[in-house]
Ligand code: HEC
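One chain is shown next in structure tokens, namely the form predicted alone.
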Amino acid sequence: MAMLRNNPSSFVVACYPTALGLLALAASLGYGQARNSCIDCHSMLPDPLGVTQETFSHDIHAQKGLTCVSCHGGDASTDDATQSMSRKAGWKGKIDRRQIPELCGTCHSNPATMRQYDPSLRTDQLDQYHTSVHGKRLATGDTKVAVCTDCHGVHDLKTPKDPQSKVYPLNIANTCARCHADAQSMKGYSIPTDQFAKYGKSVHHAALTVQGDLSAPTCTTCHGNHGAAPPGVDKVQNVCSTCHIFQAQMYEKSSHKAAFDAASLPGCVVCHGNHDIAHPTDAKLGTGAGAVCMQCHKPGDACDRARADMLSQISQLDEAIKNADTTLAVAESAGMDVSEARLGQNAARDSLTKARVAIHSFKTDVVSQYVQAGLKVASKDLKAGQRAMVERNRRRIGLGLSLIAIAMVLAGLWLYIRKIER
């Protein structure tokens, strides 16, 4: 019989003895088991009942020494189907989807058992699952919701660190999308099915897949994994602040915090969205495409004036940094040493970043504090570049005069030599 923790569709309800001399899986893996009649039979069956020695040998459970009977019971040492699949031998028969979490939890919730295989692995997954939307709906009899095997697989389970694992960071969104992007699967749940498509356009997805940052947010980062649940309206900022700490601290001091709480608005999501979060730009403070402030505020009110002031200051600093960069680049290309000023530009850019973060406080004086610090540095660097350009021009004039003097000397020598020759 096949080793099957979770997927009832892969479980065979009838198995016939085989006389073929196939190698036993456990023996080939060196686990010391004399034979495995489960693999002998199932390796010849078509999907979804087929489980080959090759497939099972890559399963983390097999690599840890577990066999088919560890989950399915029975006796894999005999070809006699009556004995191998007898209730007396502990054969469980078809595993119902509702039984899968508890079956997996038999081992994964037992610290003593898991300590033998991976002491670092948490043993509260089952408890978390019971608190999740999936677990709660399963308890009501809804067998369409995700259980362990839907996310982790059945006979080809990999560790989360394995790039081929369904729960490897780069694969998690695709794993969740198998249900959540399928309109038929989500029918009756009143849940949108465009989250995966939106996430594919987000700055988080770009950081994860393009930049290769495995710490970038994916589905489980915000919703949890075994304890998966949608963030509550008043808890969204707590989810975002897991990574965006300074923005959250500024937001807590802002007038938006109290206003959003009073109106039951979902914090960060109001301005940034959720699944399709775009790269934030200064345009969000503007009035054109991509602007967000005027969704709530009226032109000319106090908040609109504050918005315009902050945007003006940040734009001023951004422009000052660009001007200094341009001047320094020209001076550097001319061979002038402006390395100290180049390094100073990093401090100016840090101030610009802090000013943009300070927008979340929606206090012009806080933004101004960072802008003024950045302008001071950018002005200093610009002057350093300008001095370098003056020095470059001075050197060029000196070089020109030197070349003229040298040419005059050479001409005089030539005339003198001609005179002597005559």
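When you see a residue number, it is the position in the sequence shown, counting from 1. Treat the numbers as computed from the prediction; the structure is a model and nothing was measured.
Although it is not shown, the form predicted in complex with this ligand is what the next lines describe.
Shown alone here, residue 383 lies farther than 4.5 Å from this ligand in the predicted complex, counting heavy atoms only.
Looking at residue 111, you'd find every heavy atom of it more than 4.5 angstroms from this ligand in the predicted complex.
With a 4.5 Å cutoff on heavy atoms, residue 213 counts as touching this ligand in the predicted complex. For residue 334, no non-hydrogen atom is located within 4.5 Å of this ligand in the predicted complex, even though that partner is not displayed. The single contact residue among 201, 136, 223, 322, judged by any heavy atom lying within 4.5 Å of this ligand in the predicted complex, is 223. In summary, among the residues 184, 140, 281, 339, the only one with a non-hydrogen atom within 4.5 Å of this ligand in the predicted complex is 281. Although this ligand is not shown here, in the predicted complex the stretch 120-138 places heavy atoms of 121, 122, 125, 126, 129, 133, 134, 137 within 4.5 Å of it, in sequence order.
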